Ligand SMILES: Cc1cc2nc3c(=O)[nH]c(=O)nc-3n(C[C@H](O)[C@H](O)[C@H](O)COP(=O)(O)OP(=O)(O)OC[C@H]3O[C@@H](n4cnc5c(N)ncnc54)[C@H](O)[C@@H]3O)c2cc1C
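The form predicted alone is given below as one chain in structure tokens.
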């Protein structure tokens, strides 16, 4: 049996960011993942960094997360592709225009620097958007991360800060005795920890049950599409007022199409399947936003499993009835906010006066 100060179950962006901050402050940290670091949702995500798709109450956290992503060389790695881009959210109908104006107003109230601009102004920013839009919301605080690079970046940074990483370790039981946690793995090995953090994404409902905590975590199997390489057709991150599109073009010419069109999937069987009618709907909406995309072809389709609570707000903070037990997960637009949310939880664990009451798990108990 081995020992550690802090055991983090789940090695995605949430668990990795928390563990990295704790290790930099002198704690002995072990991160456990049933697969590989950032190879779940964190590794197959669209990687969009945006205020347009972030829930209004989370804007202050998303802004801090965005700033961290723009300075990864200072806290994570130089070996990860992060692009700062302008963001445009498009409205095509009068109803969408009203919706976009209202949502932008609310997000601006919470601190997002979003402005409503005319068709002409939007086309000056990105000439290839559909000329039939009613208006657009503009924000300079946008961009993307190449999600397939996050695993290597986090793994290297964690090891450089002496974090022990246990990959392909599946947790079967957690015993709590005399303020210590004994984590028992399916292979029979054990790990003792003074503190424990659950950061298991869509598996959070199952993991919390190991501590007799019962809450519902939805599993959303989101489809993603990437095009073949093509000449430059856009230089912004595009979203739409109805919230069902995210669109960006990478340096290599491929265009990533996402936005939450669901496929079929469940965590019990680790099963995912595409839903053709939703793929077609997503592609049609993307081509409507950027008409030049019609000349391209689909290169690949895949699914990522997204976690969501009943109120679509994160759960971050202490787990009731246990000493030194914490949870972090279900962060809406989690790629944008994830690093900062992890940093906040780490600061809370380190004894700083951090208010996480907005994300308290007790609201579900």
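For clarity, every value in this text was computed on a predicted model and none was experimentally measured. Positions refer to the first chain, counted from 1.
Just so it is clear, the following notes concern the form predicted together with the named molecule, a form of the same protein that is not shown.
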>> When the contact criterion is heavy atoms within 4.5 Å, does residue 342 count as touching the named molecule in the model of the complex?
In response: no
Next on the checklist: Taking the named molecule as it sits in the model of the complex, is residue 63 in contact with it (heavy atom to heavy atom, 4.5 Å or less)?
Outcome noted: no
Do residue 239 and the named molecule share at least one heavy atom pair within 4.5 Å in the model of the complex? no
(Q) Would you classify residue 47 as touching the named molecule in the model of the complex, given a 4.5 Å non-hydrogen atom cut-off? (A) yes
With a 4.5 Å heavy atom cut-off to the named molecule in the model of the complex, the contacting stretch among 196 to 204, 132 to 140, 108 to 116, 226 to 234 is 196 to 204
*asked:* Does the named molecule, in the model of the complex, lie within 4.5 angstroms of each residue among 40, 171 and 222, using heavy atoms as the measure?
replied: yes
Checked 32, 58, 316, 68 for heavy atoms within 4.5 Å of the named molecule in the model of the complex; positive is 32
Only hit among 27, 305, 325, 301 for heavy atom within 4.5 Å of the named molecule in the model of the complex is 305
Restricting to 10 to 32, the residues within 4.5 Å of the named molecule in the model of the complex through any heavy atom are 10, 11, 12, 13, 14, 15, 32
